[in-house]
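Only one chain comes next, encoded as C-alpha cells, the form predicted alone.
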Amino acid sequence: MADAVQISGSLRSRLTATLIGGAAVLAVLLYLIARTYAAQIAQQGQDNVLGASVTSILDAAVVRDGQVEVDFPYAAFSMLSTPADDRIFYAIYQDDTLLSGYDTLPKAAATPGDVSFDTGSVSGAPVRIATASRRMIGAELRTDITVSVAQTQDSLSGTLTEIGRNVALFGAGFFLLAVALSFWATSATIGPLQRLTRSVMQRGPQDLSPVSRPVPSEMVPLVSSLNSLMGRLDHSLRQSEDFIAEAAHRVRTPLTTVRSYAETTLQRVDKEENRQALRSMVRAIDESSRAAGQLLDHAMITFRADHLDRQPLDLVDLVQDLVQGLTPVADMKDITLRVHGDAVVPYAGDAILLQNAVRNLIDNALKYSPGDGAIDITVKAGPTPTIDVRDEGPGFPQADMARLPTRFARGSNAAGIIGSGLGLTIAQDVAVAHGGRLVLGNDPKGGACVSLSL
C-alpha cells in the first residue's frame, strides 16, 4: 500500500527549508544593516574631527595691518592622527586666491558659518574633505577666508573591514543558531503528527475506535475525518460479516433441500435414463453446493484474516474433533483417518479459520484417496506448529503444483471429482494470516502431502 501513495515532498523538509531560508535572509540583512550603520557612524566620527580641525584653523585667522594672518594651531592637525598614518591635505583661500596649502585639493563651496563635507581624491587617493568659510572685516579690508582640510580614508577602511568581519561572524553565528532552532521547531511541530501516526499503526486489526488523544487545533479536521472513516469502515465490516453468515445459511439450506428431493425421487424412478438424469442433477447440486459453500467460506476467511480472533487452543484437540466429524464420510469410502504427533500442541489462533483450513485439507485427501486406504494427519509442536496431511492417492501433478493454491486452480487429475478449486486457497490464506505458509509435496512412497505451518 505504501507504494501506491503519491508523495509530493516532505512537510519536515519544507518547513526546515523555509525556516533556514528565512534565517539566511535575516542574517544577510543583519550584516548589511549593521555594516551600513557602522560605516555611517565611522564616517560621522571622521567628519566631526575634520570639522573641528577646519574650525580651529578659521579661529586662528586674524586681520592685521590690512592683511590676513593664520597661525596654525598645533591641535588642528594632531587631532587628525590615526593608527594608519592617514595623509592630511589643506588649502586656505582668500576669496579665490590660494594663500597656503595644496592647489590640487578640490575647492568646495561653503556657506559662511557652516561646515560642508565632500568626497574627492588627491593624487589618486580618495579623501574626505571638510570646508568652512568665514568673512573677515578689518579697517580697510573686507574678505572671505575659506579653509579646506582633507584626510585619506585608510584608517576608516580598515575599521570598516574589521567591523564587517565581526558583523559577518555574528551573522554566521546567528544563522547557525537559527538552523538549530529550525530543526528543533520542525521536530516540535511535526511531533504530534508522528505520534498520531504511531498511535494508528500500533492498533490491532480489530481496533477501529475513534482517536481520543489530544491533538493540536490544526489537526482536528484530519482526526475528525479519520474517526469518521473508521466509524464507517467498522459499520461496513460488521454488515459484511452479518451478510456472509446470512448468505451461507440461505444458499446452503435450499440446495440441501433440493438434493434431498432429488435423492428421494431417484429411489422411486425405474427408468435407467431418468435415474441417470437424476444422478446428474444430484451431482450438479453437490458441485453447486460445494462451490457456493467454499466461496462463502473464502469470503469469510478473507474478512477474518484481517480481524483474527486469537484464542488459546490445542491443535491436537482441534484436529481430533474434525476427524471425528469426518469419520462417517471416510467410512463410506473405507478410508481410515489416523492422527499422529505430539500429545498436546498449544497455540493461540483463530479456531474457526484453522478448522476450515484443516477440514479442506482432509476433504481433499478423502476425494483423491483410493478405497481401503488411510489418511495420516500429523500434528507437531516444533520448531513451529505444523499440521501434515498425507494420503495414498495419485499425488499432485508436478507441473500443476505451483499454481494449485491459487483460486479456482485444479490439477490435471481432477476430472470427474467434485471440487471448486478453493480448498488449497483457503488453507493457504489461513496459514498466511497466522504468519505461516502452505507447502505441497508428494510422498516418495506415493500420495500427496500437504504441510500447514503456523
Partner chain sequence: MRFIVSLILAVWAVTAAAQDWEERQVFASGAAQATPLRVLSSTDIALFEPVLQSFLARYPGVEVEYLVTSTASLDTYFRADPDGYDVVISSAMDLQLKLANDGFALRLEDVSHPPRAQWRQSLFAFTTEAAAFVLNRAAFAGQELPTTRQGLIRVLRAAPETFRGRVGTYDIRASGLGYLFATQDARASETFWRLTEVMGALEARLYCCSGEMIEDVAAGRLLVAYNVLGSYAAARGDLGGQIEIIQPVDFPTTMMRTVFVAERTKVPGPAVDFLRHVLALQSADAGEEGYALPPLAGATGEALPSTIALEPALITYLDQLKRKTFIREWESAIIQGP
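Numbering follows the first chain given and starts at 1. Source: prediction; values computed, not measured.
Although not depicted, the form predicted together with its partner chain is the subject of the following passage.
This chain appears without its partner; in the model of the complex, the one residue of Phe243, Trp184, Tyr261, Tyr74 with a heavy atom within 4.5 Å of its partner chain is Tyr74. Checked against its partner chain in the model of the complex, the candidates Thr197, Ser236, Gln267, Ser100 yield a single residue with a heavy atom inside 4.5 Å, and that residue is Ser100. For Asp59, no non-hydrogen atom is located within 4.5 Å of its partner chain in the model of the complex, even though that partner is not displayed.
Under a 4.5 angstroms non-hydrogen atom cutoff, its partner chain in the model of the complex has Asp154 among its neighbouring residues. Using a 4.5 angstroms threshold between heavy atoms, Tyr90 counts as touching its partner chain in the model of the complex.
Proximity of Ala38 to its partner chain in the model of the complex: non-hydrogen atoms within 4.5 Å are absent; the residue sits far from the partner. Note on the interface: of 63 to 71, 45 to 53, 390 to 398, 24 to 32, the segment with non-hydrogen atoms within 4.5 angstroms of its partner chain in the model of the complex is 63 to 71.
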